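In structure tokens, one chain follows: the form predicted alone.
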Amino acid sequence: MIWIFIYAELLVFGILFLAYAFARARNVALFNESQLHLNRTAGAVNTLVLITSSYFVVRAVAAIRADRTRACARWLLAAVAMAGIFVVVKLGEYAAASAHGITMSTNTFFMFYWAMTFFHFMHVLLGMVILLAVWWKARHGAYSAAEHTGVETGASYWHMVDMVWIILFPLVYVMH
């Protein structure tokens, strides 16, 4: 069932990315100028943070497959901590944009920026909830080398969230 959900989410993000590309093709100058107002450093930091969190999730899956439940729980908690860093950085970015009067109605580029990054942000929050639920169960011995589907399911969702950001970051912040 998780794969149907992941494919549906990827379809929605894919449609957003295509709409962004078509809008950008019609107004390249506006998009290029508007991109200059984004904090690329924050976006790059968040990219590294999410890649690191995905690495931690990979380590959690490897740990549970080796029947190391405590290590699995620690890796999951580390992944959630990295997600928390993403949230703090992104909220700072949103606050700075708002302080400069940049909203969804500023122009077409910022409409896409806010829509896509906030949609992704909500997926990060959901991913944190999922990983925390998996962490809780792992911490209480609900998973083992023989039964760890829940860990893999949570990991699959988290990797989808990470993959979407890896596409979103260069698309919105970098590409001219």
Partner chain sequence: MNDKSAMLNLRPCTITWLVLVGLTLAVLAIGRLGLGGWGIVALLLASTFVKTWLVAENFMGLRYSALRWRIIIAVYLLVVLSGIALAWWVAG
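This structure is a prediction, so every number in the text was calculated from the model and none was measured. Positions refer to the first chain, counted from 1.
Separately, the form predicted in complex with its partner chain exists; it is not shown, and the next lines address it.
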* Asked: Of 58, 125, 30, 142, which residue is found within 4.5 angstroms of its partner chain in the predicted bound form when only non-hydrogen atoms are counted?
  -> 58
* Asked: Does residue 34 reach its partner chain in the predicted bound form if we count a contact as any heavy atom within 4.5 Å?
  -> no
* If you check in the predicted bound form, is residue 132 within 4.5 Å of its partner chain, heavy atoms only? -> no
* Asked: Quick one: does residue 70 come within 4.5 Å of its partner chain in the predicted bound form, counting heavy atoms only?
  -> no
* in the predicted bound form, does residue 54 have a heavy atom within 4.5 Å of its partner chain? -> yes
* Asked: Counting only heavy atoms, which residues in 142 to 176 are within 4.5 Å of its partner chain in the predicted bound form?
  -> 156, 159, 160, 162, 163, 166, 167, 169, 170, 171, 174, 175, 176
